[in-house]
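To begin, one chain is listed below as structure tokens, in the form predicted alone.
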């Protein structure tokens, strides 16, 4: 496709009857969807206990990703905003339960019932304001907040995304962190322009893992993207944050001690001369002597 579909029209309009059937009948797209879904399922790291899990497929479309979940023995619920896509899924007799809805308005699911979430090429649509009433920040907040609520403790959510720029990546990641998730970006094939894939891997609850999975390279081996990250991509590193505290202490400039240390570390990486950290770093000065 020559241009990004999210720049052409809103999803419920772009994926009309003709586009939905064209999308589902393309053998290339079917193969790509299956590959991405398998990788997302791998990153979910579900326990190998032989018990089927209840998974949520956000932006399920015509059920191509759901077929991968069914083949792996799991039950799933699919959510999509396009009626045409869901009609094709019904015609194909997919095994999952299908819901018509806008993820930007939140997920109407019971708390703690979902064991894992995958999403292929869908979340970045929330970064666009397709209507005058749309606010990307508020829509991302509604989505991630409701997603956190419906996930079981310690469950993961894996989103394959293709953000248009670094600002979109930061917008999505920050919204997830503010909702209480821990996680970060996993990059497969970081040194390839065509094969590069980004996955946002999130974990909720107090059993959130401390380590992140690594991306894959051309040989299928695990790799780290540290060497290829430029300065602006430093903002997408892993965060081990859980629920944000309601109250935080700030100095008068609005910048806390951790913010100051983070900025000093960025300056050191750029080769600038920066004073060493001491017990006085970030300490609030008295109003007067």
Partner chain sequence: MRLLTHNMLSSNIKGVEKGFPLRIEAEKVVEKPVEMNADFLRKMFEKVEWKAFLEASRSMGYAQLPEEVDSGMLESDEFLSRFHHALLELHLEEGALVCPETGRRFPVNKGIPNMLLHEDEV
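Positions refer to the first chain, counted from 1. Under this definition, the rigid core comprises the largest set of C-alpha atoms superposing within 1.5 Å between the forms. Model, not experiment: these values are computed from the prediction.
Below, we refer to the form predicted together with its partner chain, which is not included among the displayed structures.
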property: Selected contact from 166, 137, 129, 90, since only one has a non-hydrogen atom within 4.5 angstroms of its partner chain in the predicted complex; result: 90
property: Proximity to its partner chain in the predicted complex, single hit among 98, 161, 179, 171 (heavy atom within 4.5 Å); result: 98
property: is_contact(residue 54, its partner chain) in the predicted complex, heavy atom dist at most 4.5 Å; result: yes
property: Interface membership of residue 154, its partner chain in the predicted complex, 4.5 Å heavy atom rule; result: no
property: Contact label in the predicted complex: residue 196 to its partner chain, heavy atom within 4.5 Å; result: no
property: Partner proximity in the predicted complex: residue 267 to its partner chain, non-hydrogen atom cutoff 4.5 Å; result: yes
property: Which of 121-129, 79-87, 180-188, 197-205 lines the interface with its partner chain in the predicted complex (heavy atom within 4.5 Å); result: 79-87
property: Within 4.5 Å of its partner chain in the predicted complex: residues from 143-171 (heavy atom criterion); result: none
property: Core-superposed comparison between this form and the one not shown, residue 266 Cα displacement 2 Å or beyond; result: yes
property: Core fit, then residue 16 C-alpha moves 2 Å or more between this form and the one not shown; result: no
